[in-house]
Ligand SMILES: C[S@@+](CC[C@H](N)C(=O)[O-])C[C@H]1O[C@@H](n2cnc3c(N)ncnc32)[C@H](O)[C@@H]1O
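Before any questions on binding or motion, here is one chain by itself as structure tokens, the form predicted alone.
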């Protein structure tokens, strides 16, 4: 699998200007980015917004997510030949250069690990460093601040990651910016009925999690429905061209969407 990241693809995630190289760093007019662990870190830590109370809530949710990945990876990550991940891969029908936004911490999530197409190159971005080295091209960064130039990717993916953003509209707008005019954005939303019964017992690691003030649960600032999702799309100038709904059980369903700009 091709793991080479072409630096010509990159821009400053904040200003969107072309980066210059100096002493092993990539620089814009206001920010600098480093590659110290074998991958570029594009989290703009000097950005004032990332020190706001809202982002502090997000950081706590992120820490809770890490706990779930460590303690229950098979339930919370694409590990092995998971049927639902392979169903999403079939729906996407990967082609060309593919960006996975919120790719997760694993060496290769199921839809990448079991991709059978030799002409597809994956690029993953995630705030977590995760397992290194990855089996695909990887940068550390945020979906709200994608460090890629306009109209670069054939496809952009949100594989159960869109509901982990404080503002999913911004993430969709960024995806629309970096996808080619004839490319598509594929989104997997997991929808759970609010009346679904709760587990009779929870593991100790889950009981220890703290829900930060303002968040809906330990992992999401706000869980949104398919109806909510569809209200986001006009704000990002995106339209649905294909959808597939798979019933998991009477309480849960996986909703796959292909979007165009």
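Positions refer to the first chain, counted from 1. Bear in mind the structure is a predicted one, so any value in this text is a computation, not a measurement.
Omitted here: the form predicted together with the ligand. The next part is about that form.
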* Asked: So, in the model of the complex, is residue 130 in contact with the ligand at a 4.5 angstroms heavy atom limit?
  -> no
* Verify the contact flag for residue 142: yes if a non-hydrogen atom of it lies within 4.5 Å of a non-hydrogen atom of the ligand in the model of the complex, no if not. => yes
* Decide whether residue 77 counts as a contact residue for the ligand in the model of the complex under a heavy atom distance cut-off of 4.5 Å. => yes
* Asked: Is residue 164 one of the residues lying within 4.5 Å of the ligand in the model of the complex, judged by heavy atom distances?
  -> yes
* **Residue (of 98, 89, 103, 187) lying close to the ligand in the model of the complex, criterion heavy atoms within 4.5 Å** => 103
* Of the options 62, 34, 231, 52, which one has a non-hydrogen atom that comes within 4.5 Å of the ligand in the model of the complex? -> 62
* Is it true that 58, 69 and 109 each have at least one non-hydrogen atom within 4.5 Å of the ligand in the model of the complex? -> yes
* With the ligand left out here, work out from 147-155, 174-182, 112-120, 78-86 which stretch has heavy atoms within 4.5 Å of it in the model of the complex. => 78-86
* Structure fact -> In sequence order, the residues of 148-162 that place a heavy atom within 4.5 Å of the ligand in the model of the complex are 159, 160, 161
